[in-house]
Structure formats: C-alpha cells, structure tokens
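Quick setup: one chain, the form predicted alone, written in structure tokens, and binding and motion questions come after.
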Amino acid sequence: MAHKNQLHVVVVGGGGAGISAGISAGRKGASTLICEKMPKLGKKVRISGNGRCNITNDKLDATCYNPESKAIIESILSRFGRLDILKFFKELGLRVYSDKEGRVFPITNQSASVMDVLELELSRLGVEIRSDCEVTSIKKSAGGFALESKQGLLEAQRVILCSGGKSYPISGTDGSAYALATHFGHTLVEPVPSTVPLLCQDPWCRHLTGQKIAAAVRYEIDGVAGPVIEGDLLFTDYGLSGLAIFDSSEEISIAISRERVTDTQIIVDLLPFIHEDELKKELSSRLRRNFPNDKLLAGLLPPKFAYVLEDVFKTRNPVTIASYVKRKTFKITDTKGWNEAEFTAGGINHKEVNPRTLESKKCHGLYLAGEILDVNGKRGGFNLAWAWASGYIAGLEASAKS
C-alpha cells in the first residue's frame, strides 16, 4: 500500500504514449502523475501531420513497423489495436475521417482538437500534470521508486517511461532520457534519424533546388538494392527530400549512422510513368523530327532539367538518354539529422520488456512505452498508433499491479 506522499504511477513524458498511459492508469483509479519536461503536454502530437495529427492508419498492422519488432507489435495491437484506438477517440468526443492512403485525421484537421479531448479526459480523471518537470534520475526504493526531478523528489510504486526518442529535439525528445532506462541495465540500440531528408553533393541538387517531381526511387547499400518507392522527390541545396525520400531514408540512415557504411546511393527513375522501351521510341521519334537538345524531354520533365541533362542530350542517342533518366544515381553522404527527422530508428531494446505488459525484464515495476523503445513505423500514422497503444497497455498494467 502506498504511503501518504507516494503515488501509484508516475509517467515520465507527456507525449502521445505518456498521455495514453496517464488516461488508462487514471481510469483504473490509480493516483497518477505525468511529468513533462516541456511547458505543456503533447508538443510532438501538436506538430504531427503538419499540425493535422495523423492519429492512426486504417492499414495498421505489424508489417508497417521495423521487422525486428513484429512480435511485440502483434502482442500490443492484439490488446489495443486499430478499432480500439478509434473507439478510444470517439468516446472522448473526437470525430475523424480517413484519406485515400488510410491515414486517419480529426475532422477539424487540427491537432489542437486531439489535444483538447485528451486533456479534458486527464482532467476528468484527476491525473496530475506537472509541466517543466524533467525527471533526471530514477532509483529503486523500499516502496517502489524514488525520482529526482527539477521540481523536487517524487515517490511512486510504478514508473512508466514514455520519454520518446531523439527526433525533433525542440519538442523535448533529445535522447537524454535513455539514461533513465540504461541505469537499470537496459541496452540501447543506437538511435538514428528516420523519415529524414538526405545529404548529397551532386550538382543536380544545387541547380534544381526547389524543383519537385513525381518519381520512383530505390536505395542501394553496398550494391544491394531496396524496394522501389514512388512519391514526390524534392531537390534542395543540400540534397534530396520529399515523401519518396522520407520513405527510403531509414535503411540508408541505419547504414550510414549505425553501420558506418560508405557506399549508399539513391537511384531515381525520373519518368516512372513511362516504360524505358516506350521512352526510347519517343526519343527516337523526337530526334528524327530534329527536336533541339533542350527540348528532347519537353512535356515529360520540367524545363529546368534541360540544363542538368545537357551533356547526355548531346549524345543524341535515345538508348543512352533513356537509360540515364530512368536510373539517375545520387551518392548519399549523410542524413539531415535529428532536427529534421520525423522519427527515431533505435532506442531501448524491446526484447528487454515483456511483450504483453511492457514491464521491464530488468526492473520490476518499471514500464516502457512509445518511441523510447526500438520500435518504429512507416510514415502515415503508424508511430502515433504505437504511442497510443503501448501507452494505454503500460498504464493498464502499471495500475493493475499498484
């Protein structure tokens, strides 16, 4: 039994997972406190989905996450899956809709609506919120845990770590909280930026800065090619961006930042809507009609490309030109880093928590949820879905054992 000043549950981190954990623990009647290092809850929730908050996806399943996490994802989603998430928000009063990609947004298209209903529920349940309250250490005590924070000492029977990864450090997730878990013997899978722009010194990037096209891209790491991904490709002064690059960036980031691989490339099909043989025929026809070099791909690529393709066009060879534009290679030197990464790949080893309850295998009474674990999903609402689901289960389990 908790003594007078001891809380049942302290949640460290007030992002998506922490808020969800606070609600589920509060619903079980546990005295619950959320400690958030930032001035208010849900900073990353508020900026997610370009401020629209992509709360989940209609295609939610384990195949949408890093393969190593399949077992834990399946376990948690079997207890709090897509329908449970939708029901959770509907009961809070949030109305949502799905777009053609299966992404689920609030009907208002404003993340503020999501935070409003969550904060109302926390208030209704009497869950205490302490903002500007960074937890700096957690130690075992006779009755559970002693936590040192910038607002003083706290005592709790159970602790849930929901302090996030390293992406968007301006939102408070700077990786400093990993030490709270490694203190108890947990191991860290080296975190690297994911869903992030890529750095490239190819002169094309400088000449085409600001140009966006629909393309098909695939990464190549040490000569091994990945899957083809179609989407927007944006040329920038530092390299490559756009949705197609974001969706190809995780493997390249892991290769460069964690595995120290130097041979990493992005192969771009600049004209994915036309087969290479058809393109050869079209180019042959244009050459026969004496199209000038700078107009050989007029109507197929924006005019800016005539400059960067000038030397290739000079060959007046349809096979050479077609092969080049269907397989333009960019050598990638690095990612744009944590400030522009949407997600974190890596974190505390998920094999060190119980896959059903998320309780630490290293320390009884300690739970881990959300992006602090080495679980990461694709772009499209999958990471927030993991935050809601894992946080909710951790809150249930921590309060049930209080």
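Quick note: we count residues from 1 along the sequence shown, nothing fancier. As the structure is a computational prediction, the values presented were derived from the model and not from experiment.
Only in words, not in the display: the form predicted together with a small molecule, which the text now covers.
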| property | result |
| --- | --- |
| Touches the small molecule in the model of the complex: T335 (any heavy atom, 4.5 Å) | no |
| Contact of N383 with the small molecule in the model of the complex (heavy atom, 4.5 Å) | yes |
| Touches the small molecule in the model of the complex: D374 (any heavy atom, 4.5 Å) | no |
| Any non-hydrogen atom of A17 within 4.5 angstroms of the small molecule in the model of the complex | yes |
| Within 4.5 Å of the small molecule in the model of the complex, all of K37, F343 and A387 (non-hydrogen atom) | yes |
| Proximity to the small molecule in the model of the complex, single hit among F313, Y168, F80, F89 (heavy atom within 4.5 Å) | Y168 |
| Heavy atom within 4.5 Å of the small molecule in the model of the complex - residue from D247, D269, E155, E134 | E134 |
| Option from 29 to 37, 66 to 74, 358 to 366, 345 to 353 whose residues, in the model of the complex, bring a heavy atom within 4.5 Å of the small molecule | 29 to 37 |
